[in-house]
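What follows is a single chain, given as structure tokens, in the form predicted alone.
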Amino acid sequence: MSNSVNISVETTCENQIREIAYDGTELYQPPPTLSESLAKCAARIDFSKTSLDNIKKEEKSAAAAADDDNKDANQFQESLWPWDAVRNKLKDAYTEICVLTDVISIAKDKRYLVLDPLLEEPDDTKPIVQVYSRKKAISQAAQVLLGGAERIRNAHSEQRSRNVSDFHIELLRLRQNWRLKKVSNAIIGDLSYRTAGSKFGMSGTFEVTKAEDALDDENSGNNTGGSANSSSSSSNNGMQLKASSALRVIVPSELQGVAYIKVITQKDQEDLCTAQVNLMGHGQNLTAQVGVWQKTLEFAQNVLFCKELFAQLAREAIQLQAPIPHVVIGNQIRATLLPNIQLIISLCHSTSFDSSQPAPINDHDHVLEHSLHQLLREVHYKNSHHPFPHPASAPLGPSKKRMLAGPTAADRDALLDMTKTQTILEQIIAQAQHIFMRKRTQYVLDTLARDVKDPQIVSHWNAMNSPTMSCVKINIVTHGYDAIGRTSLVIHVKERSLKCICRDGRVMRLSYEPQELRDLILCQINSHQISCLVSLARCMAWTVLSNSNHLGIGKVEPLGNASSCLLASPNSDRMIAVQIRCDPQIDVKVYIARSPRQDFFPSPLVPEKFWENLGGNFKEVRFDKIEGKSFLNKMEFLMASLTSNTA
């Protein structure tokens, strides 16, 4: 035992060595899986040998060879016996598929075999029995239909007698137009515009109950002596129950009645205190509300909308920093449009109509009221519809125009313009200023067209205008002399100013004062008369010696500059001088001179006689006594008479 020897015992290598690393580590090939072993065994099957005798002979020869070799019992010899059952089943299935294919081909081609069903012998049935059975079935169906028709008839007759509609049908109609949900045992609806993008905090919920239950509750409440509940129910709910309806709609007290926004523009400060805020301006709508739950909900939703609109305007009026601060008092907002002109926006809400109250003011501007509603709906739309980011990885919020500011190399001013937004109050004030400026412009043009008969002033207003800018084209023409000349100018009416574009391309900007526009039109009339006179003189072969729209002599004109024109007859023996001033109306003066002078006598200083052709002194003509309907017509007669005398 002292001379023991260490013996190393290693396990047999069950797996083949796949690789030996540089450090001597041996990497073995993993053992095959069950599917790989099955595939390996199936690959050894020879399906071409279909005879069982050959398989048995091969087995016997393999057994004899094994005995001859005297191999170890532990050694395993592969054989085909374990897969014999699999081979036989596959063979049988293949045979059945071949037979089925042959049968299908024979039945399909119908050349070798025809398949006919077997005819069974029919049972002997008597026709009279079939007739009786059908008659009995038809009579039973008729009884079912008659019974259903009778029940429907009775239901309709009961409804006519009670004159009350079905609660569930009414509830279905209510659900088609309004949002309803069931909370515990109550049915609650919503009147607010939250789904449209509104962020107003006032609740717009209402409750739907049966009319019979509502009557029972009212009777019990009246018996207990609830004076407040009885008064409110008799004034509001009694109107709803007057009509035959199976359901009752209960709206909050702050949403009952009729409300509307009243917009007024006032010019004189003395009249500001006469504005009535809480007026009932729509009495007919209140009577139409009686007994109809649809009208009740519509009026309640209108009250909620008007309150939200007025709250938004009041908040903006307080936040805006205007040159003249806006005033919010109760249900009224006052904003200054122009000097001595104010915009008054009032919230009128009334739950009853009192005939003793004064009638609503007639100068209510429905266009501005519609604009207010439209602007608030635009705010709702912007709250719920945000622009999608471009590209998709960009942040939410900025518009597509701001997204493209970088690629388009927008400057600082352009970026500031993109960030500027107008509130509802600013937009409605701008629209009110434009409406007032447009009315002023119309009044000035109509007044001038009425007062100035010669020439004629024709105004063409553009039908397609924006809420803050309108366009009018003015044509100044003389009746009967349209082909000689006309003066055109375009006026852009903006919020607080006017932009006038003349025919020669000159652009003049005027303020909101109406006198500036009146002065401009009178100056255009002045230049129109001179230009048409020059054209008429050339047509009559008269010579235009001088023409000036800015006469620098004489007294200073209170308005613009005087225009003058000097004409000579074809024989140069007559001259006509015309002077037109705006003082403040159109003032025309005409002077005539003739040559040779009758009072010319030679002198030592002027001995030559040809100096007498310079013409004598100008004598003024009584222009109002000349025949003619217009200025050009009178001048035509005057030039014609002077020409004929010289001939």
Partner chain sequence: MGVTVLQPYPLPEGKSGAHIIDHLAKRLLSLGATHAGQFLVDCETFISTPQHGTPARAVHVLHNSEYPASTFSIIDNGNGKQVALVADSIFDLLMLKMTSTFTSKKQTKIESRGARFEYGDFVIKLGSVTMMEHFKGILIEIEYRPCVTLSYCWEMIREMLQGFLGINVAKEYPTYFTTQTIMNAMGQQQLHAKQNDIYEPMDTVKQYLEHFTNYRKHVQIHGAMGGGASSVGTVGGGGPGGVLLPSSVGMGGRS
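What we label the rigid core is the largest C-alpha set whose atoms superpose within 1.5 Å from one form to the other. Residue numbers count along the first chain shown, from 1. Model, not experiment: these values are computed from the prediction.
Another form exists, predicted in complex with the partner chain; not displayed. Remarks below refer to it.
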Heavy atom of residue 172 within 4.5 Å of the partner chain in the model of the complex = no
Classify residue 406 as contacting or not contacting the partner chain in the model of the complex by the rule of any non-hydrogen atom within 4.5 angstroms, answering yes or no.
-> yes
Answer with yes or no whether residue 550 is in contact with the partner chain in the model of the complex, where contact means some heavy atom within 4.5 Å.
-> no
Does residue 416 make contact with the partner chain in the model of the complex, using a 4.5 Å heavy atom cut-off?
-> yes
Picking from 481 to 489, 142 to 150, 407 to 415, 457 to 465, which part of the chain touches the partner chain in the model of the complex when contact means heavy atoms within 4.5 Å?
-> 407 to 415
Contacting member of 402, 382, 295, 499, with respect to the partner chain in the model of the complex [4.5 Å, heavy atom] = 402
After a core superposition, would you say residue 541 shifts its C-alpha by at least 2 Å between this form and the one not shown?
-> no
On a core-based superposition, does residue 463 travel 2 Å or more at its Cα between this form and the one not shown?
-> no
Classify residue 483 as shifted (yes) or not shifted (no) between this form and the one not shown, where shifted means its C-alpha moves by 2 Å or more with the rigid core superposed.
-> no
